[in-house]
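Single chain ahead, by itself, as structure tokens, in the form predicted on its own.
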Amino acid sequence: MRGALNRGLKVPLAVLKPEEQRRIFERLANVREIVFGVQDGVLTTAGVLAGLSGAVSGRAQIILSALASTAAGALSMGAGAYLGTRAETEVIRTEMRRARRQAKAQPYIVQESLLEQLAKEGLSREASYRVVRLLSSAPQALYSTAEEKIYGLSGGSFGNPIADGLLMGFAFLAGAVIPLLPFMMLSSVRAGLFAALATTALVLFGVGYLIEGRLAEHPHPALAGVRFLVIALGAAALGYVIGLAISPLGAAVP
């Protein structure tokens, strides 16, 4: 992945300052939310269109239901991302406070644990001892290193709940529009459904190919795209079958 990042930067990543490198990796961490939101939006809307096309004959009803599903899905995904990031941040902060209290109350345990961890990572016992002794002369450095090495915690683990919520909501909305627009542009339900599914499959293949295949340097980029394609077609086909199965229930309701 580092090679792909270097190619995408005007300045090689290796010559950037550590703070700049950190900001780049923090922005790239949002790729997960974007891909997840777009994929969920595309699949959810395509599934709704396919399911309703099998259960409802009215084109206007299908479009209105899909729009309602899109709005509800975007709000739900945004709220879920906000609450999830906020809860995760609070848990991490609590664990960091607990770890710091333990480090202050029992510094010798932290020193010994850090010594063992450094040795596990390949540093000799003697060198590890020297590093721990040097860190012990600066308690703040010792605590910060222990939080990362022993507990796997760091200040950089904190996310931004509002930013994550907005990003996820808009990503879902953008994905939902992809199959909905071609369906709305065609007057025939069958033709609109075919266009929506074709667009869905093409876009998801492109997302898998570009993000996982190229950015993450997958050995076979096309396979990543095909995986997204199979998921899209499978979800839409299942939704259509479910719609056909429940269509008699719609006719029975007055």
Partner chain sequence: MLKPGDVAPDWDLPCAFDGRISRLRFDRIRSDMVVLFFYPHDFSFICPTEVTGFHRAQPAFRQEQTSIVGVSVDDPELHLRWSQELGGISYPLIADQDGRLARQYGVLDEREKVAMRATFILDQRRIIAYCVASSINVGRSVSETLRVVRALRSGRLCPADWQPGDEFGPLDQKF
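Numbering follows the first chain given and starts at 1. This structure is a prediction, so every number in the text was calculated from the model and none was measured.
The discussion below concerns the form predicted in complex with its partner chain, not included here.
Student: Just give me the single entry in V91, I109, A72, L181 that has a non-hydrogen atom within 4.5 angstroms of its partner chain in the predicted complex.
Tutor: By the 4.5 Å heavy-atom cutoff, the listed residue in contact is I109.
Student: Does L115 reach its partner chain in the predicted complex if we count a contact as any heavy atom within 4.5 Å?
Tutor: Answer yes; at least one heavy atom of L115 falls within 4.5 Å of its partner chain in the predicted complex.
Student: Quick one: is F170 in contact with its partner chain in the predicted complex, heavy atoms, 4.5 Å cut-off?
Tutor: F170 lies outside the contact set for its partner chain.
Student: Using 4.5 Å between non-hydrogen atoms, is Y129 touching its partner chain in the predicted complex?
Tutor: Within the cut-off, so yes.
Student: Would you classify R133 as touching its partner chain in the predicted complex, given a 4.5 Å non-hydrogen atom cut-off?
Tutor: So R133 counts as contacting its partner chain.
Student: Only one of these stretches, 80 to 88, 160 to 168, 173 to 181, 118 to 126, has heavy atoms within 4.5 Å of its partner chain in the predicted complex; which one is it?
Tutor: One stretch meets the cut-off, namely 118 to 126.
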